[in-house]
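This text opens with one protein chain seen in two forms, each one given by itself as structure tokens under the names structure 1 and structure 2.
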Structure 1
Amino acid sequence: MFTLKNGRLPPADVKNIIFFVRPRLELMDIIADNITSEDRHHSSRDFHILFVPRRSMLCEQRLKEQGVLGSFINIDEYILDLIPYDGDLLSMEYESAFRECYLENDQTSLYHTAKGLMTLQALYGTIPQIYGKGECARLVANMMLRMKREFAGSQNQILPVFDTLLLLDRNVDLLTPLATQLTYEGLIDEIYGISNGYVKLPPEKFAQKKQGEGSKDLPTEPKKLQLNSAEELYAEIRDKNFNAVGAALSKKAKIISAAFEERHNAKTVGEIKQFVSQLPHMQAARSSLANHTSIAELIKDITSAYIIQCFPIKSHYVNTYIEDCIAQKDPLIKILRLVCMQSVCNNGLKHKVMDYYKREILQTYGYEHILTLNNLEKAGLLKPQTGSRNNYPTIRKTLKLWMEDANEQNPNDISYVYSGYSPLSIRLTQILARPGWRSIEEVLKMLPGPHFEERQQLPSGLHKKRQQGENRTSLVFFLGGVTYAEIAALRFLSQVEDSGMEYVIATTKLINGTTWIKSLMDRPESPTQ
């Protein structure tokens, strides 16, 4: 297994070479390059190509243009739509889904979503109730129902695991990803970027301090850590507000030291044996504690200027703040996040303000960003104020989005994930479970896209006989991406005792503000940055 890169293929005495790729054009060019440089050396190798998750006409055309299409013995697809990411998390890892749906009007990702959901239903039973909000959600639901009709006659005989499916469009809640996530995992992602479950960290803090040797040679390679719930400590702290992580870590530290101290109490051989048997587990716990303490320290060092929070302040101050940020040449993405946030919260920017921002951004970061600004406008993140009333305050109040006193240490509301702001998407999910969307019809109408409810007939005999107190399970699918903080909020809801609902999360892509805005930019790596 090798990573795809330009030039010659790594030498190996093999007959068959299989390319396992996403259907993206730039990858086709690399493959073509691989094959053409290969041909000169050996001609006896067989090439195969597998597209994940679907073949693409354009890619095959590109291969044909490059004159290598004929070199492939097999061209096929590997249908892998939903990739299990964690115990309760599925992702399609489809980066461009949001851009394609809202900017390019390309609904292929929705088709893949529907296919993925059909597969999921084949494995875990037909989901009897489907709720949704937003244009894309509607389309996905329609496709699912149609696919089901096409398989009419093939009744699924599996007892359904999920009771409901909730499809949510990202553009129903554009605000949430713009703010900085304040959970532990969210912050790691915001600052260092979690990719495929791994994070790369600067190595200084992780240098092994061995006695005698001193720390002369610091490692220069970034430290790579795997992050998932398999690690006991991480599972415990990942969804906590960062302000509560310190306390949790010190508590854990005490427990571990106490456990190590117990060796002094071990008197009999049996006791010592028991202690020794626990040692590996304790060692692991200790090294995991050390790692997370280092990460927490690293995050703490990042100044608070980095954090974009969502709070009610007068727009006058916001204007000045953004202006100052531009003058300081803060990263463009941060500026864009701030500007978009102001636009979303106020149902658009005043014409004068918008022109001013545009001018400042273009002057400071380069004129080629006209294209980016244009894209943001098309995606609805940036818009001029129109005559219509700003209904964001109503939404905010009805859904209780801004909580004055968020308890970060012992949260009692989902707003803890953003230290006082509750993600709209999660509030919708919460209200759907109880008391139901009927209570907020007015607000739902203000949000973009239709909301709907569909039922799928289950074959008789598969209706769940629910026991008293048994939790219902809901699959929440975020079309266009979800942030770690939102996931944390849903996990919080699952844990709340009286919610009666457990959530499994699925999405097209795990995002944060930076990656999200980047996906909307044209040529984010332009030379001027």
Structure 2
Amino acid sequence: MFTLKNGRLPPADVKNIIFFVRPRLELMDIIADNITSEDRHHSSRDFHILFVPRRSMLCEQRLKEQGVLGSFINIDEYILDLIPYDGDLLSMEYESAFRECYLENDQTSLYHTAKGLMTLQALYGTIPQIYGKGECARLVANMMLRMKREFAGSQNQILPVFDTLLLLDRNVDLLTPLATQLTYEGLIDEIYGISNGYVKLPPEKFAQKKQGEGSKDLPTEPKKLQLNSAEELYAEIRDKNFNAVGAALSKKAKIISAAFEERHNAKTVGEIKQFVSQLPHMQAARSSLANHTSIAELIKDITSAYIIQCFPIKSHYVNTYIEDCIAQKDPLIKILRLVCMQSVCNNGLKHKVMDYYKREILQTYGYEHILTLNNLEKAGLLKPQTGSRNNYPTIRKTLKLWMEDANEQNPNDISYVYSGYSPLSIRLTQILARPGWRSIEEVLKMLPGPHFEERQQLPSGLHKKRQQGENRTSLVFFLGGVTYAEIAALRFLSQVEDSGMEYVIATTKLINGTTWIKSLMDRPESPTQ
């Protein structure tokens, strides 16, 4: 398997070449270049193309214009909507969903979402209640209800696994992805980027752990690690605030050390045999501990440059701080995140301030970024103040979004994931479960887009009989992306004893502030960033 890129295809002794691609026009140009290069070298290979998740007439038309459509023996689609990333996490990995919805007014991703949710219902039963907040959420719910009517009579008789579905638009809560995530998993993603469940890390810290190899050359290849709940230690620490990770690693180190010391107490053959049988698991635990200790050290070394993004928004000197960052030519993404945070929290920027920021950014980082600034305005992340009332303070107080004394070590509220800031999206989810959205009707009206509730009729005999103390299960679908910190907050709510609700998370894309802003940029590969 090779990554798609321009030029001739990599040499391989094969007859059939299959292209697995998203239905995007720019990718069709690369494929056309590949095939043209092969034809010039008189290759006799057979070409096939599979569009993921849906076939596209526009893409086929582009291939026809490029003169290569006839080169394909098979043109088909591979329906891959929701990809399981963990036991409680599904993602479509649709990178451009937010951009398409809010910049290009393209609802393709919403159709794919609706299709994915219908597939999920075919496997796990009809979800009786659908709640939503936002324009895109309303559209997805409408598509689902229409599809259900179209397929009436062909539904599987399956007892529902999910009690409720909550559809949330990303633009209902624009602030959360802009802030720096402060959970262990969130910081790994912020600093190094988690891609498809893997992270690539600088090799130096890991090489130094090996004894007797100090004189050897350090490896230059990045250390690639898989990150999911299959690894016991990672499942335990990933959702903790980073300040609580050190204590957790220290505790684990003592447990592992004590387990290895047990070998001295093994006297009989049976005891020795039992110890040997546990050895592979203990060695894997020790290796896992070494890896995560190294990662924690790496994060601690460079974390101050990132975490500072969470707090200036509360300061009266935010303008000066952003000016200083621009003057020092800090990464453009950092500047854009700070400026957008200030805009979102203040219902826009004063015209004078906004013009100043724009001028400074364009003069410092290049005039090509005028397109990016325009995109941020279209998406609602950056806007001038219009004189209308700023509702954010009311929303913040009513929903208790800022907690001054957040307990990072032993959390009692979701605000621990941002060391004091509770993600608005998760607070809405929490209130929906108890006491319900009717208690915050006025706040919901202040947030963008409609809020709604729909009920889906279940076939007779499929109504769930709930046992005493049995939790309800809710599927929360984020349209436009979700951060690892929000996922951690939902897992925290699932574990709270009296919550009565377990959450499964689904999204169009796993994002952080950097990848999200990049998806809205027209030249994200520019070296000035």
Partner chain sequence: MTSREEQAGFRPGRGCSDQIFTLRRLMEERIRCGRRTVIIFIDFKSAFDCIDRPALWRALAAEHIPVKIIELLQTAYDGSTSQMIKSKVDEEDYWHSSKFKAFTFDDEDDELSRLKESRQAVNNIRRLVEEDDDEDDVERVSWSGEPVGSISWSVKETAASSQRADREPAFPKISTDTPSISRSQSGYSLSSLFKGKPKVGNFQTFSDALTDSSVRLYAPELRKPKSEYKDYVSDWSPEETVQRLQQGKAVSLERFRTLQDKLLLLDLAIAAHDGNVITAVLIYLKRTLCKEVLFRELESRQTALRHFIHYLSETQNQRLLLELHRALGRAEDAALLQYKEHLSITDENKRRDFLKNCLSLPFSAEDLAHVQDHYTLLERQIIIEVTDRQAERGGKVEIFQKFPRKALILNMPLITTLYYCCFYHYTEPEGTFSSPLNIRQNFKISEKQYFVTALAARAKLKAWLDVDALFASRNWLGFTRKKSPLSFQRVVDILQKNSAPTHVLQDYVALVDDGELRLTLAQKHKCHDIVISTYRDMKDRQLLLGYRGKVVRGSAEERKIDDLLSNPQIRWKN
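Values in this document were obtained by computation on a predicted structure and should not be read as measured data. Here, rigid core means the biggest group of C-alpha atoms that superpose within 1.5 Å across both forms. Sequence positions of structure 1, starting at 1, serve as the residue numbers.
Two forms of the same chain are shown on their own. Structure 2 is the form predicted on its own.
Once both forms are fitted on their core, a CA shift of 2 Å or more is seen for L27 between the two structures. Superposing the two forms on their core, we find that the Cα atom of P11 is displaced by 4.0 Å between the two structures.
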